[in-house]
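What follows is a pair of forms of the same protein chain, given separately as structure tokens and numbered structure 1 and structure 2.
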Structure 1
């Protein structure tokens, strides 16, 4: 018994990691030598995207058919969130004149990340892969990296569209700077170009994974100690953490979106 307990406790770290990590290949699929196999996170991504498209198309139906729609009920609630992204993120960062141009990208970031964050909170996706962990797709750094790479290119495209190709690169260096400073400044600017999407990638993935790790760690004593009373305490604590995770899901979607929008805005309006 004591040996069994010891075995469980040494395995607990691996168990937790296995529960928050992506599944293996569920359907093997390769195209032009690239492995495009379907994993649990791909399926969760598709579910999130389908859900978001369905809900957003339903909520925005009045806006496509009427000139000056008056929202009510669910449409009103959805419009509130859209207006929050517009007035809270887009207008202060990219500016009022660029909202229509960059709004779709920023809105898509916010709503897709938020949907995936929430999906990760629902303890049902473990059944997709025969009881494998109920993970969050946004906790996978491959996905957040893919999103951050979109931000990376969006920053460059925004600058080039606004100032032209050469002016954009020139804008990265502030004027009236001694040449000696440029030797330090240019590498820093180039580094920051890559550090920003890297930070976006890691912040979102780590935050979304951390909550799951915390919850699993709190559940772990049940399996180590085989005690029902510990289970009561663990469940009570995890209910609290779930509420915290709801906030984290919203905040992280907001932070990723806000920073992406801020970087795009800096590219449109340099030296501010």
Structure 2
């Protein structure tokens, strides 16, 4: 019996890892020795991107077909979220004059991350990759690192476009600083350039992965103990955690978008 229980526990642990990890190549593909295989997280990314493009085209159909559209229904709700990102994130961070330039990137971050987070909560995607779970691509550090790298280059490009190549790098060092302090300050500023994308990568992926692990771990006693009361308690707790995960999904999309916009704004307005 103990042996069987030990095996059950081990299997549950393996199932949890299989669910949150990007395990299993659905389509193997290599290019110049680089593994570009299609995995479940890649599939989930494609699904999220396709869904987001479809929703955006549907919500903006009036703006593309009418000269003076009056938004209503879903279009009005979509416009409300866009306006929230514009007025609540973009204008205070990058400035009103730069909203049109950096708005598409920042809004793409918000909507794509939010879509991937929500899709990761839907049980029907668990059938991807032989039942190992679709999960959310934002729980994959490769995915969040790719988004953070885009932010990294956007910060540099924004500063160079606004101030020029040489002045941008000069603006990283505050004026009227003693030369002795520059020995310490310059390495710190260079390190901060790479700490920012690292923080974006870790924060988003860790929060999304932790939520899925917590939910699966709470379900585990059902299969270990085979007790009805434990099962009811586990389900009840996971219902509450699911609502918490919905909030976390929104907050993490907002935080990543806000920090990316703040970093870009600091590059444009280095003295603010």
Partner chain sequence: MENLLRFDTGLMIWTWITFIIVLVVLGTKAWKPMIKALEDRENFIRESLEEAKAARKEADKVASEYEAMVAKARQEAQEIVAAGKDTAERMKTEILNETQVKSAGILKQAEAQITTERDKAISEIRTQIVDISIAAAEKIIVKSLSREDNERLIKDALKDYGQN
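Numbering follows the first chain given and starts at 1. Given the structure is predicted, the values throughout are model-derived calculations rather than measurements. For the two forms, the rigid core is made up of the largest set of C-alpha atoms that agree within 1.5 Å on superposition.
*Asks:* Two copies of the same chain, shown separately. Which of them is the form predicted together with its partner chain?
*Replies:* Structure 1 is the one predicted together with its partner chain.
*Asks:* Please check if residue 50 moves between structures 1 and 2, taking a CA shift of 2 Å or more relative to the superposed core as movement.
*Replies:* No, because once the rigid core is superposed, the C-alpha of residue 50 moves less than 2 Å between structures 1 and 2.
*Asks:* With both forms put on the same core, how far apart in Å are the CA positions of residue 68 between structures 1 and 2?
*Replies:* Residue shift at the C-alpha: 3.3 Å.
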